[in-house]
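Starting off, we have a lone chain in the form predicted on its own, written out as structure tokens.
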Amino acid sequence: MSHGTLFDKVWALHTVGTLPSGQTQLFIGLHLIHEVTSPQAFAMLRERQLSVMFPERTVATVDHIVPTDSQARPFGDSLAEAMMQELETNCADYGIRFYNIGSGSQGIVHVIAPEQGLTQPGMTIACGDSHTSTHGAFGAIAFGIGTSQVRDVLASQTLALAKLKVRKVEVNGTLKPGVYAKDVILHIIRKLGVKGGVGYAYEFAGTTFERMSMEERMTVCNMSIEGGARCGYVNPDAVTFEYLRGRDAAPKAADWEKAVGWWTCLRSDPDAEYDDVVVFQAEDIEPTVTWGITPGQGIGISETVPVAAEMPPEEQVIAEEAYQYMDLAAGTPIKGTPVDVCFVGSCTNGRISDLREAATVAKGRHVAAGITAFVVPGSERVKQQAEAEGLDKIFEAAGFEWRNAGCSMCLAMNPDKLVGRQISASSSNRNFKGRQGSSSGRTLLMSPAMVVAAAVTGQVTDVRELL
């Protein structure tokens, strides 16, 4: 088993005890909740007449079901409105901090916690959402949980979990222009597989990650779960500390220096032992696009859709399924594939740096005829910052719709949905069948810059040609 890694250190620091099952009873430092997975958990508490043990360690927002066009209440969707009311009631009844629409701090749960400094190195973080792995970018151990586990954290501030193995995923070198963090993680998942990380935590290391901004690291850690890893993290460093400095919940004054000292000692030891190590070179990565129905079915923009017969046997069946569903033929280029809808946003790519990169490509260009394109900031703060920088005007001049904060078309639990067989160029994280709201809709995952390139040309395009 691994030894001396950040994962091992944080796990040990938060271990309450070992259960008869052999699982660890792990203390959870920060619990994030939203409107979709929490109502049932609170109902379970009420049934058992239990209270929330540490309400100050739980933070709520609303993101999945909120409309991104008109957010007037009551919502047009009665189920969405009921979920909103349930969250509002539960937060009021149990004394939980709630960032509601119009608070100035509402947004996608995995965007608001980092931007407010709630997410910090050395924490254990849980949320009833798969992409909680995002917070690992700060050197936290963060994982998504189910509704019954949401109940457990509310009631006891602990979880019963089996300790994971640790795989070091090292990427070295400098990314070429037009290649982004999204391309890096799509490349890693492509190479290791969507099940390759099962039973593992991924430690992302190497010179490529060291050069990345915090928001780029969040993009990579966000999609750890898509590679099967329960969590992914980056060791905290000067980049981490500079990002956190001065944020709402970050330590202040003398406490700041103490915190930095402690965060630094949590880094994986130079002689740390890992259960597995894999190494990639940044120069081998090009703009990457998914062609199939899992995030692992990705290829470089210069490549063609792979031939099933040339794949490992365990990948051939789903490849055949993907050809049929996506209506793409083996051996054909991914470049030039026509699209209908282009979406920039999500907890993967809805931060201010993502919108800046997207605006760079959109500036001076216009969305192609017949294409629906929209940009959804990840939080109210991101929206405010983007508007202060004039990014909204750039997008609108280019023919994009500028929306309010929310999850939007990433999972389509709101009015933003594909229709029929539409094909989407999306900066989100999953391309499963029906993921974006239509049972027959198709999704191509790519970076925000690549989404804009597709929007202005009407087809999958190498963004490097537009830079």
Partner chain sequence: MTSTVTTLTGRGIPLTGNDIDTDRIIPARFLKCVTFDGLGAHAFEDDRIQRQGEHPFDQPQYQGAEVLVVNRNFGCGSSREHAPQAIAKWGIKALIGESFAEIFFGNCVAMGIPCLTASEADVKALQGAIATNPQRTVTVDLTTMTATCDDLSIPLHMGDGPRQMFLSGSWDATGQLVAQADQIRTTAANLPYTRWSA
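Numbering follows the first chain given and starts at 1. Because the structure is predicted, anything quoted here is derived from the model rather than measured.
One more form of this protein, predicted together with the partner chain, exists but is not displayed; see below.
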Out of 203 to 211, 392 to 400, 117 to 125, 379 to 387, where are the residues with a heavy atom within 4.5 Å of the partner chain in the predicted bound form?
-> 117 to 125
As a check of understanding, the residue in Glu314, Glu242, Glu283, Glu310 with any heavy atom within 4.5 Å of the partner chain in the predicted bound form should be identified as Glu314
Give a yes or no for Phe98: in the predicted bound form, does one of its heavy atoms lie within 4.5 Å of a heavy atom belonging to the partner chain?
-> no
According to a 4.5 angstroms non-hydrogen atom cut-off, is Ser70 in contact with the partner chain in the predicted bound form?
-> no
So, in the predicted bound form, is Gln106 in contact with the partner chain at a 4.5 angstroms heavy atom limit?
-> no
Is the gap between Arg230 and the partner chain in the predicted bound form 4.5 Å or less for some heavy atom pair?
-> yes
Residues of stretch 424 to 442 in contact with the partner chain in the predicted bound form (4.5 Å, non-hydrogen atom) = Arg430, Phe432, Lys433, Arg435, Ser439
